[in-house]
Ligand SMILES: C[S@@+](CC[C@H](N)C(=O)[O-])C[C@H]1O[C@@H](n2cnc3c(N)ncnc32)[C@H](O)[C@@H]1O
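First comes one chain, alone, set out as structure tokens in the form predicted on its own.
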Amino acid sequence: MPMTSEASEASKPKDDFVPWYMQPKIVEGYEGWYEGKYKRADLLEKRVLEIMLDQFEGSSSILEIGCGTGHFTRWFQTLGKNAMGVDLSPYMAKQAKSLWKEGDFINAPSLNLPFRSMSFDVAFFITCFEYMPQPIMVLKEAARVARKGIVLGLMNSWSLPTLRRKFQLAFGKNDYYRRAHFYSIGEMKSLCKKSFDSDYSLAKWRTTLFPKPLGLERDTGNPFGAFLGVALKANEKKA
């Protein structure tokens, strides 16, 4: 995806750099990416996310952290789930509400979610975790409000699209990814261990592969796919 759906934890950057998700004009046009050039990627990513969701049998309630315009929050509803979204950006939360007036969207930081413990079955992060500078604390807060576990949809660090992003950044281009940290499956395994020790386990991961002309338009266990889905499952004691 060209951009992500939320959130650095600092609403006011230390320098004059303004993140794209804090720029109203960009936020207003964000939803269009899903129906344009990146529509195929969106369908592939949803396929992977649904596989991750299937790891949590009997789950009915979802909190999407870093929900952006609510694109995936609305999609969860079509799957028969009770979903709501939270986003650091007030512009994103407002835009999400305008696109789905019946939806429940809250403007709040991922480090301090305004919900009671165990309020949801599963917490989701979809192409937003990369912008959160305190990943361990963010995961712990998500685990506090989620009974069954956490799903992350990530721009895979071990992929050609991310290699291109890093190359652009090295030459001072593509500010959409400035301050973003990209993750691989190896790094996510380590982060899960550091965050939860034995309280959580990495239950499943998959990636999407590109491009279509090579016959790679599918989900796979190949660690070099463009989009990485990871399901972190709470152990029986927590759940």
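All residue numbers are counted from 1 along the displayed sequence. Here the structure is a predicted model, which means the values were calculated and not measured.
Keep in mind that the form predicted together with the named molecule is missing from the display, and what follows is about it.
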{"item": "T127: touches the named molecule in the predicted bound form, heavy atom cutoff 4.5 angstroms", "value": "yes"}
{"item": "Exercise: F105 in contact with the named molecule in the predicted bound form, heavy atom 4.5 Å", "value": "no"}
{"item": "Residue contact check: Y30 to the named molecule in the predicted bound form, 4.5 Å heavy atom", "value": "yes"}
{"item": "Interface membership of M92, the named molecule in the predicted bound form, 4.5 Å heavy atom rule", "value": "yes"}
{"item": "In the predicted bound form, the residue from W75, F120, Y131, W158 that sits within 4.5 Å of the named molecule by heavy atoms", "value": "Y131"}
{"item": "In the predicted bound form, the one of F182, Y34, Y200, F56 near the named molecule [non-hydrogen atom within 4.5 angstroms]", "value": "Y34"}
{"item": "Contact stretch among 81-89, 161-169, 143-151, 95-103 - heavy atom within 4.5 Å of the named molecule in the predicted bound form", "value": "81-89"}
{"item": "Contacts with the named molecule in the predicted bound form - residues in 51-75 whose heavy atoms fall within 4.5 Å", "value": "E64, G66, C67, G68, H71, F72"}
